[in-house]
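Just one chain is shown here, as C-alpha cells, and it is the form predicted alone.
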Amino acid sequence: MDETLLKKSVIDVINANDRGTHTVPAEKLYSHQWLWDSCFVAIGLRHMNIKRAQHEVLRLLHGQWANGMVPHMIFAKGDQHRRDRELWRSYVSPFAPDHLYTSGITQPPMLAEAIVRIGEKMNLADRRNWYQTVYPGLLHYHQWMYSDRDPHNESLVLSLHPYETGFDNTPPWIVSMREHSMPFWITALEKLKLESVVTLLRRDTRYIPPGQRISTIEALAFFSALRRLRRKAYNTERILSRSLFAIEDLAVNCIAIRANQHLQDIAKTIRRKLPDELTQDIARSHDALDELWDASSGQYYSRNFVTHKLILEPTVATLLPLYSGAITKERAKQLVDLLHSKQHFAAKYPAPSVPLNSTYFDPLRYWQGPSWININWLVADGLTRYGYSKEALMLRQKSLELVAAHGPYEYFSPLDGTPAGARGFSWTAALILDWLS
C-alpha cells in the first residue's frame, strides 16, 4: 500500500467536495451540509488547513437554533434546492434561524469531538481562543440535549426520527416504526407490491443502485415521520404527547457521553464552570448507559422511550460504548469478544453495521450490513483508550486497505470489500487522512 499516494487521493476528494462555505458529503447525491459529516470532515481538514477546519465547525454553529439545537442539515442556497428546503419547512418553528434554512432535527453530537481534535493542532494560546469562540454555542447545544430531549430526567437522550441517529435504516428503528408508526397507505403499497413505482421517483436511486439504499417502504415511512414532526412544529413536548415513536438510541447516547467529557475538558481549559444542572446531567448520563445493557445476550441495545423496553435488535452500535468511555473493563472485554466472533462482527472487512448472523444482514444495503469507515474510527478510538491497541490497529489497517483498493466510497461490503454507496465520500476521505496523519 502506497500511503503517500493514498493520502494524496483522499485530499483530492476533500478538495473536490469543498464548496467554500461547507463540505458536501459527496457530489450529486448530497448537496447540503450535514452535522456529523462535517464534524468528521473537520477532523481530517485539520491536517490540511486548520482555518478551513474551524470554518466547517463554525458554519454548523451558524445554523444553531435559538433553543440550542444544532440541526442535522443546513441547506444550500439556490432554486434547485427549493424542494429540499420546503420538505422540512424549518420556519414553522419559532426557534429556527431567520438567516438560513435548516432541517428540524439534529444528529449525533460529534461537535465537541471535532472542536477538541482541531484544538489538538494548536498551541495553548490559540486553542484557548478557539475554545472561547465555540464554547457558548457548544454549551447551549448540550444544555438543549438534556432540557429538551430528556423530558423525564432519565439521563438518556431521546431521538425522534431515524435520521437523528445517523444510522437511518438501522434495524431497531425499522422494527419500532413497523410496530408503532407505519401509516396504512404505506402498508397497502407494500401489500400490493407497488413500491417499485415509487422507487422510480426517488432521487437517491438515480445515482446509487436501489439495493444499496434504504428500501422504498422505509423511505416512505421516514417521510411520513418527518411530516408528523413538521406538523408539530418540531416541538418535542407536542410530538411526545401523541407519539409512541421515540427511542433512546444507543449510538446517540454513547456519542453524547463522550461529547460531554470533551465539553468538560474545553471548559477546564478556558477556566469556565459548567452550570450545576448540566454537570449533574453529565454525571448521571455516564451511569445511565448501564440501563441499555442486556446481560443475557451480553450486548447493549437502544430502548423504547415510552415502554422502557430494550429493542433487542443488535447492531454495530453495541460496540460504541467503547467510544463512550463509560463502561467497565469487564464490559469492554465482552464487546471485544463480539468483535472477534465470526457470528457477530469478525468479517473479512469489519465492522459490519449489523452482526453477520442478523436476519437483516445485507452486505451492501446502507446501515443493514456494510462496514463504514466512520464507525471503525469511533470504535478504534474507544479500543485504544481501553488498551486494545491490536484490535484498533486491525480496524485501521482494514479500513486503509479498503480505501486504497477502491477509493473513499460511502461504505463497503464486510464480506469481500465491494465498494458501495456514493463514491468520493468526504468523511471516508477525511478519516483516512486523519489515520495517515
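The model shown is predicted, which means the values in this text are computed figures rather than measured ones. A residue's number is simply how far along the shown sequence it sits, counting from 1.
The same protein also has a form predicted in complex with a small molecule, omitted here; what follows describes it.
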Note to self: Heavy atoms within 4.5 Å of the small molecule in the predicted bound form: which stretch in 117 to 125, 226 to 234, 363 to 371, 81 to 89 meets that?
What the structure shows: 363 to 371
Check: Exactly one of 355, 166, 104, 350 has a non-hydrogen atom within 4.5 Å of the small molecule in the predicted bound form; which residue is it?
Finding: 166
Margin query: Within 4.5 Å, heavy atoms only: does residue 56 come near the small molecule in the predicted bound form?
Written below: no
Next item on the list: Would you please decide whether residue 386 lies within 4.5 angstroms of the small molecule in the predicted bound form, comparing each non-hydrogen atom pair?
Entry: no
Checklist line | 4.5 Å heavy atom contact, residue 421 and the small molecule in the predicted bound form | finding: no
Next item on the list: Determine whether any heavy atom of residue 30 comes within 4.5 Å of a heavy atom of the small molecule in the predicted bound form, and answer yes or no.
Entry: yes
